[in-house]
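Below you will find one chain, with nothing else, as C-alpha cells; this is the form predicted on its own, and questions on how it binds or moves follow later.
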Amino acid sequence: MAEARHILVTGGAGFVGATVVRRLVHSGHTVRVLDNLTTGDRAHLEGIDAELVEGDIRDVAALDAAFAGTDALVHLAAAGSVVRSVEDPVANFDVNVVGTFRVLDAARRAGVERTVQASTGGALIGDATPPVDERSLPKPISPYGASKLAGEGYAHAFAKAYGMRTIALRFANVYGPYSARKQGAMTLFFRAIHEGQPIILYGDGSASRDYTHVDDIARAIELALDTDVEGGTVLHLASGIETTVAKLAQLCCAAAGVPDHPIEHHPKRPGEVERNFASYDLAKQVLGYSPTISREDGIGRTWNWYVENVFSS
C-alpha cells in the first residue's frame, strides 16, 4: 500500500469529490474537505471519516487554515458549467482562475509538494479533430475552457518555480453517483425521463463527448497522488469512446426501461464543442490508468442510483 497522507480535497462535498474522498479514506489516508457547499452537499459525506470545513477557495485565511497539517492536495472545487461561463465569464474567472491560483499559492506556503487538480479535455482543447491528447493545441471556445487552461498554466509555473509536484488531470465528461446537482446532459436526461418530459437535445444530436465513470476518475486521482510524476504534468483521463448526444439519450432511455421516450431538438448553444473524445494512452503509460467501467454498465448503475437516492425522496 502507498504511504498514508494527510490530504486536503477542495470541493470534496461535490459530485466527483464524494467518490474521491471515499476512495482516499478507504485507502487509509486522512482527509480534510474544504467546500463552500454551493454545489456540494454535506449529505454526500455522511458516515465518511473525513473532516468537512465550510469555506471558499478564494478566502486566503480559510485556505491557510485548511492546509495546516496536510501534505497533499486534490483540487476539485470549480465553477463547472460551460453554459454558465458564457453567461457570466467574470464569475467563472473568479472561481476557476483566481481560486485555483490561491489554492496553489496556499499549498506553496504550506510546503505541500504533491498536488493533483481537475482540468478538462474538450472545453480546453476546443474544436479539434478527435481523439485529442496532450499534444493537441489548446484553443478553448468558452470562458470555462480558458479558465481551466489558466489553471494548468499556474500549476506548471508553480512546479518549475517552486519545485512542487503538480499534476493536472483533464477529465472527460464525468458521470456517476452524487451527480444530482451537476448540470450535465445525463442528469437532465434522467430528470426528464423521471418527470415524463421530453429529453431536449441542443442541435441535431451529432455533438459528441467522452463519458467516463467517476469511479475510474477517482482511481486515477489516487494513482496521481502515489506515482512519482514530474511536476507540471498534464494527462487526459477518458474512456477513448466517442458518444453522440443522441446515443447518450438512447442509452439513458434504455437504462430507465423506456426506449421510446420522446426526444426534442432545440437550437445548439454557443461555447460548446461539437465533437470530443480523448486518448488516455499517456495516462496509461505514466499512471497505469485504464477505464474499467463500460458505458452501458456505468449508465445503468447511475440510473439506479438516481432512482434510489434522488427520485425516491
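This is a predicted model, so every value here is computed, not measured. Note that residue numbering follows the sequence shown and begins at 1.
Keep in mind that the form predicted in complex with a small molecule is missing from the display, and what follows is about it.
Considering the small molecule in the predicted complex, the lone stretch of 38 to 46, 266 to 274, 23 to 31, 243 to 251 in range is 38 to 46 [heavy atom distance within 4.5 Å]. A residue is said to contact a partner when one of its heavy atoms sits within 4.5 Å of a partner heavy atom; residue 283 fails this definition for the small molecule in the predicted complex, lying far away. The small molecule is not drawn, but in the predicted complex it has no heavy atom within 4.5 Å of residue 236. Contact annotation for residue 15: at least one heavy atom lies within 4.5 Å of the small molecule in the predicted complex.
Although the partner is absent here, residue 209 is not a contact residue: none of its heavy atoms lies within 4.5 angstroms of the small molecule in the predicted complex. In terms of contact with the small molecule in the predicted complex, the residue from 77, 124, 155, 73 that brings a heavy atom within 4.5 Å is 77. 174 is the sole member of 185, 174, 193, 107 with a non-hydrogen atom lying within 4.5 angstroms of the small molecule in the predicted complex.
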